[in-house]
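Okay, here we've got a single chain as C-alpha cells, the form predicted alone, with questions on binding and movement later.
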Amino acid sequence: MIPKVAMIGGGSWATAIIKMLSDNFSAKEIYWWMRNAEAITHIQKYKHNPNYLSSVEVRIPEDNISDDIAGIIKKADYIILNVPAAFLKETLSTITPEQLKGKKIVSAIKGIVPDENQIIGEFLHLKYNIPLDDILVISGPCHAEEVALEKLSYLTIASVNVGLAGFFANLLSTRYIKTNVSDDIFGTEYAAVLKNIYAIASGICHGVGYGDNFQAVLISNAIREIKRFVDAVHPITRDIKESAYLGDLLVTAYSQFSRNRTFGNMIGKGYTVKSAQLEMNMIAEGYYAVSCMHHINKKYKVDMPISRAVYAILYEKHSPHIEMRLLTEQLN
C-alpha cells in the first residue's frame, strides 16, 4: 500500500521537507496544507512557494495542495506537523481526536506548546490520545536553506517504535539527506527546543561583543545543560554527542541561517524583542521556548544558568551586557 503523507504548514522547513519527500524515490502520495490561500494558488500555478525557499520546485499535484485541513488529514496516513509551536493549538482547533485516530503523527516542530508547557509529542499524546508508538519526531542538524541548495544534511527520526522510525526515515532519504533513527522521542524533542535557546544566547554574546573563544565555552556549557535537563526529564542511556543533540546545537548556534542566533544578535545590539521580531519577519522559536522552559524547570530544578540568563534578558528586560558578564562567572 502506498503511504500517504500530509504536510501541515507552509514555512521554509515545511517546504524543505516537501522537497525531500519529492526527491525520495519511494512510492508515496504527498499532500500539503497551508493557511495562505494566495500562496496555494501561486504554488499550483508556478510550482514554487512564493514566501519561503522560492528556488525549490514543488512537484506535487495541484489538487493535493489545499487550505482544508480536515480534508488533507482525512486522506493521509502520516501527518507532519510543521507550524510554529505557538500556533499549533490554533491550527488544530477544528480537528478532533477521532480525526487523528490511527494516523502516524510526525512532529517537525522545534518548540513547546505555550500555556500547556508541553513538547509536541506530549501534547499530542495527552490532548489527542495519540499513542506514543504512533508519534515520530524529526530533528537535525539540518537547515532548510541548505536542503534547498541540496547540501549534504543529516536527520534523526525518533520514535518509541524504532521500526516505524526506520520506515519513515526511508521516505526522507535522498542523495543529499542521510537519516538516523532513535528511540529517544523526549530527549531529541527537548534538545531541539533547548538548542534554540542557546542559539539566542550565542547571538546575544556576539551582539554585545564577545568573540569566538567565549562562544566555544558557552556552547560547551550549553551541551552540558542539555544533558542535565534531558537526563532529569527522561533518564535513559543516550550519547549526548550524537548529531541529534550536539550536532543540532552546533549548527543552530553558529550558522548564518539560524534565525534564533540572528534574533539573539539583534537583542545583544540593543533591539527590543518586538523590533527584532518585526525586522526578522520570521518566528524565532527560541523566544517562546525560553519562557516555557523557565516554567517547566520549576518542576525539575535543573541547574541551567545560560537558559536563566536568556530568560532574564528577554522576559525580565535585564541588560544583555550585565547578564552576559554575570554568566561568564558561572561557566567553565
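Note that the coordinates shown come from a computational prediction; the quantities given were computed from them, not determined experimentally. Quick note: we count residues from 1 along the sequence shown, nothing fancier.
What follows is about the form predicted together with a small molecule, which we do not show.
Wondering, does residue 156 line up within 4.5 Å of the small molecule in the predicted bound form on heavy atoms? Contact with the small molecule, no.
Would residue 188 sit within 4.5 Å of the small molecule in the predicted bound form, counting heavy atoms only? No, residue 188 stays farther than 4.5 Å from the small molecule in the predicted bound form.
Partner contact for residue 238 in the predicted bound form: the small molecule, 4.5 angstroms, heavy atom: It does not: once the small molecule is placed as it appears in the predicted bound form, residue 238 has no heavy atom within 4.5 Å of it.
Partner proximity in the predicted bound form: residue 121 to the small molecule, non-hydrogen atom cutoff 4.5 Å: Residue-level check for residue 121: no, no contact with the small molecule.
Want to guess which of 201-209, 178-186, 215-223, 246-254 is within 4.5 Å of the small molecule in the predicted bound form, heavy atoms only? The contacting stretch is 246-254.
Candidate from 172, 142, 92, 136 lying within 4.5 Å of the small molecule in the predicted bound form - any heavy atom: It is 142.
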